[in-house]
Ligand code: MLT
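Take a look at this one chain, the form predicted on its own, written out in structure tokens.
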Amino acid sequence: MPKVLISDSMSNVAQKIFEKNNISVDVKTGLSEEEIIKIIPDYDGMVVRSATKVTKNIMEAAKNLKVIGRAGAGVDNIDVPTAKEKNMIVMNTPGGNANATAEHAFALIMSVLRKIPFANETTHKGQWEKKNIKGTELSKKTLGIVGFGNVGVRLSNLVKGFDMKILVNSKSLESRKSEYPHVENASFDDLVTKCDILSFHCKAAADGKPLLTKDHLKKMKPTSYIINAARGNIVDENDLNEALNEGLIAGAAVDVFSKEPAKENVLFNNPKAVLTPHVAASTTEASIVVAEMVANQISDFLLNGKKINTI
């Protein structure tokens, strides 16, 4: 009987699916690398979210591990090159939390445009800062979307009712342009200079370098906003903080950080920044969907050799 380790908290639907398929499953969360190394030789499959880092050391110890499943899209917490060297299959669940992430990006946009966190905090304190809170409307603005996968597409649909111009920077859009008549393909420089809101929904660069730096920020409208619900190292945080302080842009809303968990960060306490702790994909609905997807995919592989959503 195949055996699977679930090492991160997720919906118990995953455990139930494995049990239904007669696959032995253990749920052991919050383990250190050393603790995982001690037990991983017992398992044929492993399921993670974002907390567990599946390192080379873990894979070296995983004598029987055949498949690693990520309940989510990003796999930067998994050492994919080492997995390939060892012929371990790495799977993810693209699209499973796309709507949740897109809705959170939209919420970040509205929060920073209407200064909702500041309004909420000060009103709770009885300060009544009405005269100091003047928002910006989303209607008729230009939205730039960097990356046009499941999340970027969903965000473009969510803002349709706001009569916005939507510019997209995506290598793959041109071949699918007929499916999305409501957006225009544009260069990254066009997005930087023309957009009122610039939202990132792409992978991080392979070399780890930020896609958005001070040079780009200097070219943006002083009334523009940056939204990042993709990966923390896409936007240079030091440059972004300086741009906010210098008035190069009006504000930013960030859900992801260069180092997580973010216990300290240069953006902390910047009044022009709305910050959330990497929760864009964290909804009740999305957690069930990705748990179902990853459990079914790993079950199909272990029982039938079927490969779905492999990296």
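Since this is a predicted model, take the numbers as computed values, not measurements. The numbering used is simple: start at 1 and walk along the sequence shown.
From this point on, the text means the form predicted together with the ligand, which you will not see here.
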Would you confirm whether the three residues 141, 221 and 252 all fall within 4.5 Å of the ligand in the model of the complex, going by non-hydrogen atoms?
-> no
Using 4.5 Å between non-hydrogen atoms, is residue 149 touching the ligand in the model of the complex?
-> no
Partner proximity in the model of the complex: residue 281 to the ligand, non-hydrogen atom cutoff 4.5 Å | yes
Using a 4.5 Å heavy atom cut-off, state whether residue 232 contacts the ligand in the model of the complex.
-> no
Within a 4.5 Å heavy atom cut-off, is residue 117 in contact with the ligand in the model of the complex?
-> no
One stretch from 48-56, 238-246, 61-69, 264-272 that, in the model of the complex, holds residues within 4.5 Å of the ligand by heavy atom = 48-56
Among 113, 89, 73, 186, which has any heavy atom within 4.5 Å of the ligand in the model of the complex?
-> 73
Contact check, 97-135 vs the ligand in the model of the complex, heavy atom within 4.5 Å, ordered by sequence, gives 97
